[in-house]
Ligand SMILES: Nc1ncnc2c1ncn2[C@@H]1O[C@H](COP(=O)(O)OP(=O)(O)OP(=O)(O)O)[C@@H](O)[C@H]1O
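Shown here is one chain on its own, the form predicted alone, set out as structure tokens.
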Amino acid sequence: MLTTLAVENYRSLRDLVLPLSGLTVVTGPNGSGKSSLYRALRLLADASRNGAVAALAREGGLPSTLWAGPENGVRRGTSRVEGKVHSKAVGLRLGFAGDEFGYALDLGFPVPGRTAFNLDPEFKREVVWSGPALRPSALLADRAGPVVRTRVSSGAWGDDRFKIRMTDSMLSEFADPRACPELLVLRERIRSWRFYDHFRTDADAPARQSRIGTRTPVLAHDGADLAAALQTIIEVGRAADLAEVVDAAFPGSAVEVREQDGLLSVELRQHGLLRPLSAAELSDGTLRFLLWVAALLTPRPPELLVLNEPETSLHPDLLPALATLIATAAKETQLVVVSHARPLIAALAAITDVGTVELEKEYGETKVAGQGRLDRPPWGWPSR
């Protein structure tokens, strides 16, 4: 389980260190940095697939995503000292620590004049360690520039040095199980992380269409395979769980999956109606709730499941049922829920243990409300 998440110089997250629990709710007012935190977690996951550089390019390149304020956030009285001068190398740093492993990366600008791709960030430093804290003796793999070195079974550094490109992560490009098997374990764990963010529910939404059915233990990010995911939940023996959560949300209703010529579609039977409603007839809120059901009742729980504002477009009456669904999923996987819905947060706190992290913004910088320096989880970045 992850216990700490750290971000430095990503958008409004100039210097953020968060504690994580089995179920963490990140909340705060609009503009406080919740979406930036969600994106930072996605960037960490993208690194394991060598997609961090492309993900940053979609956001306008590294310059567009870096903290835009002064380096140290200095204040004098009620005003803030503004300036663009940096006394140290500028970098976007992301990392996490857990019970077994920790990981940190440091992305920076390429050396001027060596390439035309000056917006592509380079991996200046990248490390993996054992245990919850970064210490020199706990390092398992250490990448400085293009060179990777690893520990051998005796605990000493191996004689071999492995070279990778500056724009590649060692999580994706260094895959020698003999040199560092822990690196492969960590990579696969990160690759199992799952993110869901604002399912489409418009008239042309993929979830409203009939699709060829294949066994689907993991709902696609766009919900296109909703019918197949629900049918998989039924066939793996969780039909009772599915029926219970649907009835709690829509009393007297039951979800069905219709098969015709290999095509699967979702239908909802409701009390008092002579026929079931097709997916095309369902309201946006009803369809969205069924998408969350398919995502959270997954037969293949990930190491980490991250939900971004799952309350969007849901009627307030559905939030208690959604809270129960999230709490049930948290028994099998670690969850981070980004939400500003107080009723949902209160419903979660009433039925399970929740670690609540409230964000606020001060002088353009995202901070954890009420967190002093001594309250932060211990964290240190590897130097360049």
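All residue numbers are counted from 1 along the displayed sequence. Keep in mind that what you see is a predicted model, and the values were worked out from it rather than measured.
Another form exists, predicted together with this ligand; not displayed. Remarks below refer to it.
- This chain is displayed without this ligand, yet in the predicted bound form the stretch 63-71 from 349-357, 317-325, 42-50, 63-71 comes within 4.5 Å of it by heavy atoms.
- Proximity of Ser32 to this ligand in the predicted bound form: non-hydrogen atoms within 4.5 Å are present.
- Proximity of Thr24 to this ligand in the predicted bound form falls outside the 4.5 Å heavy atom cutoff.
- In the predicted bound form, this ligand lies within 4.5 Å of some heavy atom of Arg11.
- Although the partner is absent here, Glu303 lies well away from this ligand in the predicted bound form, with no heavy atom inside 4.5 Å.
- Interface residue among Glu267, Asp142, Asp247, Glu309, judged by heavy atoms within 4.5 Å of this ligand in the predicted bound form: Glu309.
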